[in-house]
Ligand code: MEV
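In the block that follows, a single chain appears as structure tokens, in the form predicted on its own.
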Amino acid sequence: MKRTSRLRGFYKLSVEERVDVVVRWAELTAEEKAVLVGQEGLSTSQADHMIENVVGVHGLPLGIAANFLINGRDYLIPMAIEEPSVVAGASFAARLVRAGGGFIATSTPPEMIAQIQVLDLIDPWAARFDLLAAKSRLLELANQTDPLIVSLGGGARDLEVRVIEHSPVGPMVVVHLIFDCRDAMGANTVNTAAEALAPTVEEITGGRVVLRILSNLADRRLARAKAVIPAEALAFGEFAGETVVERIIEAYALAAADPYRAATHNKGIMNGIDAVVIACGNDWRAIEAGAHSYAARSGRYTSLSTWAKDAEGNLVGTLELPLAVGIVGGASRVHPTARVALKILGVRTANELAEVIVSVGLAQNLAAIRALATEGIQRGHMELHARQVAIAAGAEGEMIERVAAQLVAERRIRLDRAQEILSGMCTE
């Protein structure tokens, strides 16, 4: 049988049954399965070598988003997140997109930017000229810092030089080294290259180099996703498909026009993106910084995604943002659960990982905006949140579902009410 991520009723299975599905899908070993179910995983000893002052290990739920078809290939998506409804929303939206042929995703070459700040210049524009004249020499010097990446087809690609004439410390020159990092995220690589170039930059310009650091506005390393959803696939309950299409576009219009709405709109996108980035051991803080900077690149903060209707009446969504992610180096190879998550995904390059992640972001956006524009976000979200409230009230085992069900039925999803319900059930 053809392997498919369209897993009907996956959410109805027990944890053990879901694990067995994923084990078969990714052909996990017994050791990898043990990592997945928490019998192994990151130890305090391993953690002590990753960061400072370690006192323990903090866990997050790891879920699987199903139904994803991206560039004609099926994926199961590991997502590490504590917020209810995100995994369910992504899976549901992926099923809707599947009706239109799945996601189409592309990405630009994995090029990062290292910045070198130069101060104390007599003539910043002459310094810019001299740096550009020495471009070949500087690129060759940068390549010498990482011959392995160069041997794999990466390395220094270009040198850009900007003059900032007005700043609190006077005029400055900022050199941008463009470096192809291949399958690495690339922070260490480009930082090392920038450090290596600094003495030569000072020699060429006669200035003083201060900062030598990557930029997390990785706008040379973009990922893009597109989804086409037939109107009929969006119909449900009292809502005709055409109505849902129009309402989604109307809701998107507010995010496009108003930064107060855009912030929450983009947060919904990042719910999906961050969850995959964390699961795969990548730097979610760098991704967040790059995404929100990119959303404000015009000088006004706006939506990262777009939603419109095509000539056939289909809903069409697109998403574009910087995604500097890697599958080699860093926590992606040190953290046991991150290694298993990458195996489940089955991605072969950093670019493929970025294309999967941007597709999840678009799916998450679709799920949230569809709910907001129709029945409201609280119905589905609060049903899932009710379980957390029941647990917080002290419910265990089968009592969790019983308390949660009554909270939902009463539409009073509050801790005090959950405690009352649990107390009554315990005296039955």
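Numbering starts at 1 and runs along the sequence shown. What you see is a predicted model; the values in this text were computed from it and never measured.
What comes next is about the form predicted together with this ligand, which is not displayed.
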Query raised in the report: Which listed residue (267, 297, 137, 348) meets the criterion of a heavy atom within 4.5 Å of this ligand in the predicted complex?
Result: 267
Report summary line: in the predicted complex, the residue from 271, 107, 91, 332 with a non-hydrogen atom within 4.5 Å of this ligand is 271
Query raised in the report: Are all three of 64, 76 and 352 close to this ligand in the predicted complex, meaning a heavy atom of each within 4.5 Å?
Result: no
Report summary line: For this ligand in the predicted complex, the stretch among 65 to 73, 365 to 373, 26 to 34, 398 to 406 with residues bearing a heavy atom within 4.5 Å is 365 to 373
Query raised in the report: Is there a heavy atom of residue 130 lying 4.5 Å or less from a heavy atom of this ligand in the predicted complex?
Result: no
Query raised in the report: Quick one: is residue 120 in contact with this ligand in the predicted complex, heavy atoms, 4.5 Å cut-off?
Result: no
Query raised in the report: Does residue 224 make contact with this ligand in the predicted complex, using a 4.5 Å heavy atom cut-off?
Result: no
Query raised in the report: Does at least one non-hydrogen atom of residue 208 fall within 4.5 angstroms of this ligand in the predicted complex?
Result: no
